[in-house]
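Quick heads-up: it's one chain on its own, the form predicted alone, in structure tokens.
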């Protein structure tokens, strides 16, 4: 039996949307994104930048396994032989569903376990930044503790 070899991309989507002060409209935020929208944007990016041949190479193996709207963190699985096409498509994304973003590939892993460990560590770093930005002491229990516990359970539950 042959096992499928994958690469796992850990991607953070940095939201660059700003509010339009003249109209008073709220911008769309990454909180409105989900795995399906990210997958569709990745598919369009692969087809636009690498053509049908690129999509044929990564189409069967490309999946969005996890997305957190709180930390804008995403775990993407793709076949090992063609992971550079997916990485290029992620890097060339400028918007997802009219939400302007800057994708940042944080980690590329050969196993889901190392992608999970990197995602959990990155979530802790982002929450620490949120807390310092709000000048919130980490000594007391807050909603971020609940989020960290919930996201850690969700990430650890991911299967190959």
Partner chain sequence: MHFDLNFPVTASGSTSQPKKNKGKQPQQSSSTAFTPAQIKGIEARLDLLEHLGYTVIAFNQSVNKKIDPKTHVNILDELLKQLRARPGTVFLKRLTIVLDNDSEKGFGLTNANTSLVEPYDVIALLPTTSATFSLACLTHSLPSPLTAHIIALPLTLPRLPFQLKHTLVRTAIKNGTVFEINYAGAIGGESDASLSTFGVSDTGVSGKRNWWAAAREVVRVTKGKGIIVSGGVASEADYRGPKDIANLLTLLDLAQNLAHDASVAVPKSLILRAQARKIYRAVLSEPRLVVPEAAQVVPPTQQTRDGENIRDNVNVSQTSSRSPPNPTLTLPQLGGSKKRTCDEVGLESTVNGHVNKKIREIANVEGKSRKKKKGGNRERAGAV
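Numbering follows the first chain given and starts at 1. Predicted, not measured: the structure shown is a model, and the values here were computed from it.
There is also a form predicted in complex with its partner chain; it is not shown, and the following applies to it.
The single contact residue among 53, 94, 111, 40, judged by any heavy atom lying within 4.5 Å of its partner chain in the predicted bound form, is 94.
Contact annotation for residue 14: at least one heavy atom lies within 4.5 Å of its partner chain in the predicted bound form. Remark: residue 60 does not count among the residues lining its partner chain in the predicted bound form, judged by a heavy atom distance of 4.5 Å or less. The shortest heavy atom separation between residue 46 and its partner chain in the predicted bound form exceeds 4.5 Å. Interface membership of residue 84, defined by any non-hydrogen atom within 4.5 Å of its partner chain in the predicted bound form, is confirmed. Shown without its partner, the chain has 103, 104, 105 in segment 103-122 as residues with a non-hydrogen atom within 4.5 angstroms of its partner chain in the predicted bound form.
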